[in-house]
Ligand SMILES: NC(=O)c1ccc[n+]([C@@H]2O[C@H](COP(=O)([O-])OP(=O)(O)OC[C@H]3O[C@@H](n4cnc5c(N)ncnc54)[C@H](OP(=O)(O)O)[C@@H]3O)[C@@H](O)[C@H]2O)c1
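Below sits a lone chain in structure tokens, taken as the form predicted alone.
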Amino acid sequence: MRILIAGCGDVGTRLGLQLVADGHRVWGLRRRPELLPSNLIGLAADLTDPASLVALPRDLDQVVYIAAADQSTEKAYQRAYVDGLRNLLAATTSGRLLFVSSTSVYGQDDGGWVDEESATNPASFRGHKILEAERLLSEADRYTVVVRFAGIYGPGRTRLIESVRNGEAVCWDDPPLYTNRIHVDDCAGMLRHLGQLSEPESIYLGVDHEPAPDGEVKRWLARRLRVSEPSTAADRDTSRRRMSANKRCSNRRLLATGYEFRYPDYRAGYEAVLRQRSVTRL
């Protein structure tokens, strides 16, 4: 197949390497394509600049849109997710399109379960802009698949590990604050898998098997790092809690397709990250 990965950063590069190994011809679009591995075909372009997209390859079998805002502002999210997607839809007219979305499109904060059929009522501008992009995609005259990832972690994405190591982390325990995540390798693996399905559903949640309480994850990390366990958040931190998501995301629809997780829960995933960091430091 002829596949374009638009926004070929960390996840996109991992996906691209898997697809090349499968025998596909893969283009990686980014502002600095010289950073890509040599077996990906680099394309220098900016998704927010329509003029830079005129030379994209034609007759594509698949397009994967993996944009990322360069700042945590509403304007940056508008450019990356809404404007960028609109420009790409105008520049490419063929091939199944997989769009990387986020579980931030859900606003539920009561610790309950959500799935692909749950109401989307974002609590932040991030979720609103990503949901706006999803709606734009739903109006496109082509086969589209939306993948809503939760917190992505893995090599190079170790902010939680460092906050526990440095003693900056606190735990919200009463009631539990549920968190959801997926290892970056499973992000790439899931996108590869869905791209191979003959008739995928229009939306999938990209999360591992185990939504876990915030405090449980942080204390597990503390034990593995051999540092003091984080303290429980004080009353003054309740406003920060209200700003945090609190839901349990189900991956049942994904599992029904036959996808097998490399890292099915946070223990397996973070264990691999910590092991790799230890080897790197030798």
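Residues carry their position along the shown sequence, with the first being 1. Note that the structure is predicted; figures quoted are calculated from it, not measured.
Not pictured, yet referred to below: the form predicted in complex with the ligand.
Name the stretch, out of 19 to 27, 6 to 14, 267 to 275, 254 to 262, where some heavy atom lies within 4.5 Å of the ligand in the predicted bound form.
Flagged stretch: 6 to 14.
Contact residue in the predicted bound form, chosen from Gly189, Gly151, Gly95, Pro200 - any heavy atom within 4.5 Å of the ligand:
None of the others qualify; the residue that does is Gly151.
Under a 4.5 angstroms heavy atom criterion, identify the one residue in Arg157, Arg135, Arg165, His209 near the ligand in the predicted bound form.
After the contact test, the surviving option is Arg157.
Even though the ligand is not shown here, does Val100 get within 4.5 Å of it in the predicted bound form, heavy atoms only?
Heavy-atom contact with the ligand at 4.5 Å: present for Val100.
Considering only heavy atoms, tell me if Arg32 and the ligand come within 4.5 Å of each other in the predicted bound form.
Yes, contact at 4.5 Å.
Answer yes if any heavy atom of Glu229 is within 4.5 Å of a heavy atom of the ligand in the predicted bound form; otherwise answer no.
Glu229 lies outside the contact set for the ligand.
Tell me, yes or no, whether Tyr81 is in contact with the ligand in the predicted bound form, where a contact means a heavy atom of each within 4.5 Å.
Taking the distances in the predicted bound form, the answer for Tyr81 is yes, it comes within 4.5 Å of the ligand.
Pull the contact list for 50 to 88: residues with a heavy atom within 4.5 Å of the ligand in the predicted bound form, in sequence order.
Residues within 4.5 Å: Ile66, Ala67, Ala68, Tyr81.
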